[in-house]
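Listed next as structure tokens is one chain, alone, in the form predicted alone.
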Amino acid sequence: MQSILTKKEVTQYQQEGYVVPGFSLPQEMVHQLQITLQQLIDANPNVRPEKLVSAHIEGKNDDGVIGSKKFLELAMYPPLVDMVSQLIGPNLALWGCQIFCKPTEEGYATPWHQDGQYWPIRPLATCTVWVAIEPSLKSNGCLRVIPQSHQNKILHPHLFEDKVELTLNQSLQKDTFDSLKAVDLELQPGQMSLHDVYMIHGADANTSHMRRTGVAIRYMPTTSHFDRTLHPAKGTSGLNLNFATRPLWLLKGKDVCGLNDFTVGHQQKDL
């Protein structure tokens, strides 16, 4: 395993709950991802581009999206896998990948939330790598985080918001955190941020003339169980999620908890 992250970057992730590493993707790789992104959007005209769930699964997936193996290749890109291993250990599984593409002028906002509110992982443990495919700036609705909000490993109550113009429909109660402490994670194409499963984060709507796109790749340590019988958001997430047939990939090490199924949801060619 290479040490892609510096000791300072690892410490920041541990203490603050997020980090923007010095490492970034090669520009040719970014260019190819931008091409794939547009192909993905064109292939899914009936899905909001902020809600392209399981974009890494080739063909039509059970979350209602026609995905591309190019995003699976990104999720398996060795420097990304090594970075995550530095943070959450040597036994690592890939379990999710979503495109958040905010169109110009009408890109949906993402309310303040914690990822663990939505995920059937017990105990809760995931590192998300958020890779910018296009510029992600304050002006077009970049990711915003509340530093140190992960430290107590508390999943705070979320409220259901019945609004169409949101990427997610559950948000934290306003008195849970201080939004004045928010940090804007501005990224150029190929740059990325990593954040903890308990991190409080969100993003403003995109009202600018510049589209904003990132891909969120989800990795978990195999000390945790991806429990397909759980449905934490109870159908009120605002996303089409089918965890019962969601495929997992064992990327490094072994299944420590012994409960994860790495055959469900895979086509034969993926195994």
Ligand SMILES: O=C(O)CCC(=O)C(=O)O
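A residue's number is simply how far along the shown sequence it sits, counting from 1. Note that the coordinates shown come from a computational prediction; the quantities given were computed from them, not determined experimentally.
Below, we turn to the form predicted in complex with the ligand, even though it does not appear here.
> Taking the ligand in the model of the complex as the reference, which of Thr110, Thr126, Ser85, Gln191 has a non-hydrogen atom within 4.5 Å?
Replying inline: Answer to the contact question: Thr110.
> So which of Leu241, Leu33, Ile57, Ala203 reaches within 4.5 angstroms of the ligand in the model of the complex, heavy atom to heavy atom?
Replying inline: Of the candidates Leu241, Leu33, Ile57, Ala203, Ala203 is the one lying within 4.5 Å of the ligand in the model of the complex.
> Is the ligand in the model of the complex near all of Arg246, Lys252 and His266, within 4.5 Å of a heavy atom of each?
Replying inline: The answer is no: none of the three residues contacts the partner (heavy atom, 4.5 Å cut-off).
>> Please identify, from 63-71, 212-220, 23-31, 37-45, the stretch that has a heavy atom within 4.5 Å of the ligand in the model of the complex.
In response: Only one stretch passes the 4.5 Å heavy-atom test: 212-220.
> With the cut-off set at 4.5 Å between non-hydrogen atoms, does Leu143 touch the ligand in the model of the complex?
Replying inline: Leu143 belongs to the contact set for the ligand.
> So in the model of the complex, does Trp130 come within 4.5 Å of the ligand, heavy atom to heavy atom?
Replying inline: Contact check for Trp130: yes, within 4.5 Å of the ligand in the model of the complex.
> With a 4.5 Å heavy atom cut-off, would you call His158 a contact of the ligand in the model of the complex?
Replying inline: It does not: once the ligand is placed as it appears in the model of the complex, His158 has no heavy atom within 4.5 Å of it.
>> Although the partner isn't part of this model, could you tell me whether Phe100 comes within 4.5 Å of the ligand in the model of the complex, counting any heavy atom of the residue?
In response: Result yes; Phe100 sits at the interface with the ligand in the model of the complex.
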